[in-house]
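Listed next as structure tokens is one chain, alone, in the form predicted alone.
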């Protein structure tokens, strides 16, 4: 059977940077460690006044298509995943296609275009749709373009303000991919939840404590569902485990619970048993409350063991490096994590061909998905082509006063005339409004 998966990806970060420990923390009267150690964040990417979800998505897609030498008529579908859409009818994918047609030869007249929404998980759902489209034989030899793009902004002084971010990830999906291939094995955990939502509003309403609980619960259910198809997961089965990363501190919680689950009845549990005992089993306790208390004590102790920390440093920590310097990108978050792990491996000279990734996606509302991907022979050349670290280095450093003005400029309820801070160069920019209130774009 011909492999189907991601043939290439590109990342486009917002052109501005907010330094959390040096700029944001002092303005908030906070200890910088609240961000760097607690949340695990050092900086956030922000969109300049001429940037939005269309420009970032189109810029990532343009760079990807040029690098992979793909013409518009070789694309059979364009799916944009976002939770920052500004129109309830016209999909962002039409805007992205219109931008690309300004500079590429040809058009996307015969490409199916759509928009995916389910909070942060919709980027992965769009990949699933593209995979199924190719597998069903409806692609006519063409590839799919999937774009995950968001401006993940919160209201000023909201508890989530420090986790903000903005950027886009563009991915090509097709046969004989150069980066990773997919399989049919998936696991889901989904329930009607109210942890994070935007009912007719730009900035989200968030129950932070509830959101963490829901994230962990749905991830656990998705792992169990995945194992029902793929068999039990072992800690050594995967080179990396990229998770949805609203902030690295959340992933630390998910990774610990995941390791506890997959190490049960393995030599890993045997190794830590000498130090902290074996995992509690439900049948050992007369009541659920006693079992949960024992399990929490075991989990807390497990986090301090060398066995767990070595696994975490090897399997999870590399996937968080980029997120520490760009914040939460909603739909793009887990795809930034995948790229981060692979980029770290390429820089370290690791040969990952044939190795597997265990990918954990999540969207509030709520749903988690677990699947695995196999790293393909062309992965290293593909991932070394990313210039995301150069983008981070070249961002304009915001003062706190500039951050306030930029945030107001992107607030739909405010009319703020703010000059751009960065200089656009070989990229798409927002260019005002059309006769029906549509957004217009041009290539600089």
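Model, not experiment: these values are computed from the prediction. Residue numbers count along the first chain shown, from 1.
FYI, the form predicted in complex with a small molecule isn't displayed, but the following is about it.
Proximity to the small molecule in the predicted complex, single hit among 410, 34, 63, 389 (heavy atom within 4.5 Å): Spelling it out, the residue with a heavy atom inside the cut-off is 34.
Among 151, 163, 367, 122, which has at least one heavy atom within 4.5 Å of the small molecule in the predicted complex? Going through each option in turn, the one that passes is 163.
How about residue 243: is it within 4.5 Å of the small molecule in the predicted complex, going by heavy atoms? Answer no; every heavy atom of residue 243 is more than 4.5 Å from the small molecule in the predicted complex.
Given that the small molecule is not shown alongside this chain, does residue 211 nevertheless sit within 4.5 Å of it in the predicted complex, heavy atom to heavy atom? Yes, residue 211 is a contact residue.
Does the 4.5 Å heavy atom contact test between residue 103 and the small molecule in the predicted complex come out positive? Output for residue 103 is no: heavy atoms all beyond 4.5 Å of the small molecule.
Taking heavy atoms and a 4.5 Å cut-off, does residue 196 contact the small molecule in the predicted complex? Yes - in the predicted complex, heavy atoms of residue 196 and the small molecule come within 4.5 Å of each other.
Among 246 to 254, 107 to 115, 182 to 190, 300 to 308, which stretch has residues with heavy atoms no more than 4.5 Å from the small molecule in the predicted complex? Among the candidates, contact is made by 246 to 254.
Is the small molecule in the predicted complex near all of 6, 226 and 354, within 4.5 Å of a heavy atom of each? No.
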